[in-house]
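In structure tokens, the next block holds one chain alone, the form predicted alone.
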């Protein structure tokens, strides 16, 4: 059950007819609340006799504290253990085999998802299976002991990657004492000492119907599904006077910080420049522009692509904006040979100003980008299982109203909007610049590791039980 860093997904042109979203006259999905407060979102499709059931939750690192950081991910693992109907993992797995279920889950900073795909003839059984798992988990102490080890092994695998400390340090510099709110993998020591009472408290605080949505896609009729879901999930209720956790606001990034980090086992070198981009809740229009800019910079006839990729200056160059409800990071990423990395970084800093000029992008390129987003979505909705999981990303992070209107709003973006975005968020704005390279190659180009003062302040020492990188 990997921790998935969900990326921006393309979405669709939608109109609204009597409250039901449609695409070129075709019903896409229906959305309404069940009696217990759980939101039901249905995406019927009769292409194949399968159904995908996803439970998505407004949870993850953003609902944790320093003393519980990483426990939502541990809870995700325990979801697939025993419950009142299936009292141990052996019974759980036997039921999975009987129903022909494929399953998984993921946890990120702002959402948790659990998903099953099974033959649609077993839809009722699948709904019951999901409801029992979320409503009546046992969180058995013996199973918890085993699963702590599984999650810590996953932590170790992540920590063995050369980039692990680099990205942890980036996050900590950007968000300071609140960096844990963006770290779903969590704190090793917290996970190692986790107990049943902590996980049951997470269930009370986070895994309640009012904080979740049930999204079902595939071969069924909506009215039939609604009645079945209502019955299956009636066993799941929230504690009295439940209130959603409101994460604190993050500090704004106010000054440029530049560091170099040496790490072994890195053949080439990379640079990441991170700016504070638009916050979804404050300036939603700017989030559409950020995505347009990212696609424009990947256009193969564009000036950026020709200068940084076609020329051979880098091995890869891109810009990304990750849509989240709590933050607004936008980043340039370069990967290059050690001898080229400093020149590539210098060229990138100079290139940012050029992006605001009227002739940097063309109208044809903008049209290509918009067309590509629409084509990608049409392809996506023909795969009901993956589309259902996509909806399960957007519901907790932005809400489906944002998602439904995305392409319509994107289509209204002009080149002038893109130029204004570059001026507003990038030109002469503070950024965090990190350069990752091996010590051997760094010394060849006369670099020093300057990350230690930041690492001493922000990176925790690793437990002795953890594998070293």
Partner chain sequence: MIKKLLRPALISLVFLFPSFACTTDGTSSKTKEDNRLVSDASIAAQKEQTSVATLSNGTQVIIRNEPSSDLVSLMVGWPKGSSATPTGKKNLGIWAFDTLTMGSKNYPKDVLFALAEKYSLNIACSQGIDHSQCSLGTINDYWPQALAAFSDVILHPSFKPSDAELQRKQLLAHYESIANNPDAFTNELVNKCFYPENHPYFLSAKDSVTEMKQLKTSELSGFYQQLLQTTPMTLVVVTSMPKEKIIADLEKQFNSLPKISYTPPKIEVPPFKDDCSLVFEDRDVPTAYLLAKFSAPEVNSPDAVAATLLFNIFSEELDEEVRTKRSLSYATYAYTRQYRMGLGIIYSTTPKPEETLEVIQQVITKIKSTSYTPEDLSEFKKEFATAFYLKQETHHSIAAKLLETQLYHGSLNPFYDLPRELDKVTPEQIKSLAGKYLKNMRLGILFQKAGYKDTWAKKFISANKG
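Bear in mind the structure is a predicted one, so any value in this text is a computation, not a measurement. Positions refer to the first chain, counted from 1.
Below, we refer to the form predicted in complex with the partner chain, which is not included among the displayed structures.
A heavy atom within 4.5 Å of the partner chain in the predicted bound form is found for exactly one of 231, 85, 204, 149: 149. Proximity to the partner chain in the predicted bound form, defined as a heavy atom within 4.5 Å, holds among 119, 278, 396, 209 only for 119. The stretch in contact with the partner chain in the predicted bound form, judged by heavy atoms within 4.5 Å, is 74 to 82, chosen from 240 to 248, 254 to 262, 74 to 82, 344 to 352.
Annotated contacts: 47, 272 and 299 all touch the partner chain in the predicted bound form [non-hydrogen atom within 4.5 angstroms]. Under a 4.5 angstroms non-hydrogen atom cutoff, the partner chain in the predicted bound form lacks residue 222 among its neighbouring residues. Residue 325 falls outside the set of residues with a heavy atom inside 4.5 Å of the partner chain in the predicted bound form.
Though the partner is left out of this view, residue 321 does reach within 4.5 Å of the partner chain in the predicted bound form, counting heavy atoms only.
When contacts are judged by a 4.5 Å heavy atom cut-off, residue 193 does not count as touching the partner chain in the predicted bound form. The partner is not shown here, and in the predicted bound form the stretch 222 to 241 never reaches within 4.5 angstroms of the partner chain through any heavy atom.
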